[in-house]
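Next up: just one chain, as structure tokens, the form predicted on its own.
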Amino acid sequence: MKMKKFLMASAIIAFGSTSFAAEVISPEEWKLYQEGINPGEVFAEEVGGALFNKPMGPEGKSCASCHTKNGEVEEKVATAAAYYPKYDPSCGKVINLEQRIQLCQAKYQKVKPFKLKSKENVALTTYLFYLAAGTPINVDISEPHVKKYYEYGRYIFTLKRGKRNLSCQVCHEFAAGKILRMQPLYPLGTKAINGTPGRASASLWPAFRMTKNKVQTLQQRFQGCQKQGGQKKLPLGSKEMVALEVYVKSLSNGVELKTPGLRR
């Protein structure tokens, strides 16, 4: 089994104490963490990997039916997570990896696609990101359709809305280096802002969130921020969300994926 090891010190850094961490995640997940295992990787392998190999639909096709050779996942699929969102000619728009899974389910497996918020879609997505770990992010913002989404995503990033009149930019550019909810605010890309180094945050998602006791995608993390900021949550898979994902993920272009991450 492919496993990355994590130092217990990271729990203390993220939570202030290991006892607090143990209170917010399940005893089973906490035991894994104590053993140096990222619960997100277990989820990716055991749930996502099983779904990848599960025959579905009238023809009994699995993802593996089309995307494995000699027992190995073909490289273009094993690294695909690093290149999404991207323009898909078959549907005429820019989509993220979660939506690509849905298209394959409908077109090739001939089944009703898993909903974007479902455990199954998140599991398959996480599995593909898990396979792609170590691959440098390369969202092609030079492609004309993606470029438009990038520009729209930057607009969404800077747009103040909601009862607190906040935007992504307020926290992750203007307030970079300040403390919010006992945590420092970091720029989301690779560049330093206000003297605070960037975190290349998109390289860590999907991630196992210890305070939620589950794996969440980057768009689900966006929704969490929107809720905390007093904003109406943008729907998963909407043009606005995909555009925001294009923008934020492209800020980490060139950085190797470290997925699934392990976040507070």
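Quick note: we count residues from 1 along the sequence shown, nothing fancier. Note that the coordinates shown come from a computational prediction; the quantities given were computed from them, not determined experimentally.
One more form of this protein exists, namely the form predicted together with a small molecule; it is left out here, but the text below deals with it.
Looking at L180, you'd find a heavy atom of it within 4.5 angstroms of the small molecule in the predicted bound form. Proximity of Y186 to the small molecule in the predicted bound form falls within the 4.5 Å heavy atom cutoff.
The small molecule in the predicted bound form is approached by C63, whose closest heavy atom lies within 4.5 angstroms of it. In the predicted bound form, the small molecule lies within 4.5 Å of some heavy atom of F157.
Of the candidates A82, L97, L116, A176, L97 is the one whose heavy atoms come within 4.5 Å of the small molecule in the predicted bound form; the others do not. A single residue from the set C225, L236, I37, V47 has any heavy atom within 4.5 angstroms of the small molecule in the predicted bound form; that residue is C225.
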